[in-house]
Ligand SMILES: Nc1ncnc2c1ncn2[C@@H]1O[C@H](COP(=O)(O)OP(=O)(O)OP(=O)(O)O)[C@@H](O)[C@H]1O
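Shown next as structure tokens: one chain only, the form predicted alone.
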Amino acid sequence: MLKNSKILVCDDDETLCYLLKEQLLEEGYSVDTVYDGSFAIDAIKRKNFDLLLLDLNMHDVQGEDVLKFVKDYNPSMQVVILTAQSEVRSAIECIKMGAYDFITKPYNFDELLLTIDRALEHKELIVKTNLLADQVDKKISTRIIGNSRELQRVISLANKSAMSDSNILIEGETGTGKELMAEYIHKHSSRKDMPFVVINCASLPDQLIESELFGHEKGAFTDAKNTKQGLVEIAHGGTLFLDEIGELSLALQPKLLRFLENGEYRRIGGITNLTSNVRVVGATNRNLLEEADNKNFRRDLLFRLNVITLTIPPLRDRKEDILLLTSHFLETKSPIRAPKHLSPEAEKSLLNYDFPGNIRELEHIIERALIFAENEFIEPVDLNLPTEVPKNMVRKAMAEYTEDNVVLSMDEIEKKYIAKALRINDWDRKETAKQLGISPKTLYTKIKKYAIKQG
């Protein structure tokens, strides 16, 4: 039960109104009663109720007319119809008009109380969804930043994809902006006025992810004290974004596959098949084809998910966007009205850096520089970029690893040289970084980039 919820009871049976009010007051609700539809409309105009218990047959203004007024005047207000058994058909028509549910008279109070609780939870979710939509509008009111040919190609594909209703898989390294691209697709689709709901598949254990996705019934497990709607239900009509979908366990993948195939799902502990109409957008920094080959990801789920695949290029492959993004972060992250600027040397440093953490790393670098730069212009020292392996060492490695008929790439040479240095130092990273003249953070980044493994 949501505390301090305000309920209006509208029924021409004064005895029933009195009993209902007493019962609901004992449950902790705030309750008003009226005996005709015209009085209900007046009361709703005066007070912001959360829920209306509404009889259909009244002397003056009928229940259907009150319902129409509520849906126009306060759409988030929930309406539960109180009806006689003979009026069930009319009650069903009211649900089509926007009523949450109906209860037949004589009512079972426990059943009525459960319906009230669910209706109030539904109202709360509607409010949260509206707030989320406002946040999304603010967050993606500006375009995706970048003029590079690689990024513009992806944006063009995203615009075409948004017009369809097919599931989408967004690939890209960590920090490239996969969630922003998913939001962009949603905002440019026919579902733009419906919820955009996000879940990170790597952030929760299996049971919690299943509960978040599909919901659970009261008593389904130890802490399930109330029935909970899943995100697939909340996202109905909109877009469900599954971030880091490659981290989803093999136990949950069949359930997601079933949902993708026919929109059906079951809450944990439930026995009823529910349906929801959502567009699913997944994102991953893994190669899911390789994961499928290694039996870590279901191939049928992959094919159901990647009807359309968009690959966001890493920042190092679109260097012309670096300064555009930097200008954006200088403006949005600046704590003062007049943002600082990059010196020519700082611009050169950024353009020469590979950004293994992509746009997210650039954002953090600029945010830190704005804090610590003492002058109007940000200098290279303020950026605090990890240094590269010294060029003289690269030349030495090049001479060592270049044969008469074989020329290795600079990356291959750097990888071999770092691997050799790690072996010489028995994988003492601190000592290895010191000998190479780079920071331990840079060494760690290189080890990850080249997938250098001990032994």
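All figures in this text were calculated on a predicted structure; none of them were measured in a lab. Don't overthink the numbering: it's just position in the shown sequence, from 1.
Keep in mind the form predicted together with this ligand is missing from the figure; the text below concerns it.
- Using a 4.5 Å heavy atom cut-off, which stretch among 201-209, 173-181, 90-98, 156-164 contacts this ligand in the predicted bound form? Single hit among the candidates: 173-181.
- Item | this ligand contact in the predicted bound form: I359, any heavy atom under 4.5 Å | Yes, I359 sits close enough to this ligand in the predicted bound form that at least one of its heavy atoms falls within 4.5 Å.
- Query: Would L113 count as touching this ligand in the predicted bound form under a 4.5 Å heavy atom rule?
  - Reply: Answer no; every heavy atom of L113 is more than 4.5 Å from this ligand in the predicted bound form.
- Message: So, L151 and this ligand: in the predicted bound form, are they within 4.5 Å at any heavy atom pair?
- Response: Looking in the predicted bound form, residue contacts with this ligand include L151, since a heavy atom lies within 4.5 Å.
- State yes or no: in the predicted bound form, is some non-hydrogen atom of H328 no more than 4.5 angstroms from a non-hydrogen atom of this ligand? Yes.
- Item | in the predicted bound form, the one of E247, E363, D354, E320 near this ligand [non-hydrogen atom within 4.5 angstroms] | Selected option: E363.
- Which pick from I144, A224, L125, L274 sits with a heavy atom within 4.5 Å of this ligand in the predicted bound form? Selected residue: I144.
- Item | Residues in 237-251 with any heavy atom within 4.5 Å of this ligand in the predicted bound form | Residue within 4.5 Å: D243 only.
- Query: Taking the shown form as reference, are the C-alpha positions of T445 and S327 brought closer or pushed farther apart in the predicted bound form, with a change of 3 Å or more?
  - Reply: Compared with the form shown here, the C-alpha atoms of T445 and S327 sit farther apart in the predicted bound form, by 3 Å or more.
- Query: If the CA atoms of T442 and R360 move by 3 Å or more in the predicted bound form, do they move toward each other or away, so closer or farther than here?
  - Reply: They are closer; the C-alpha distance drops by 3 Å or more in the predicted bound form.
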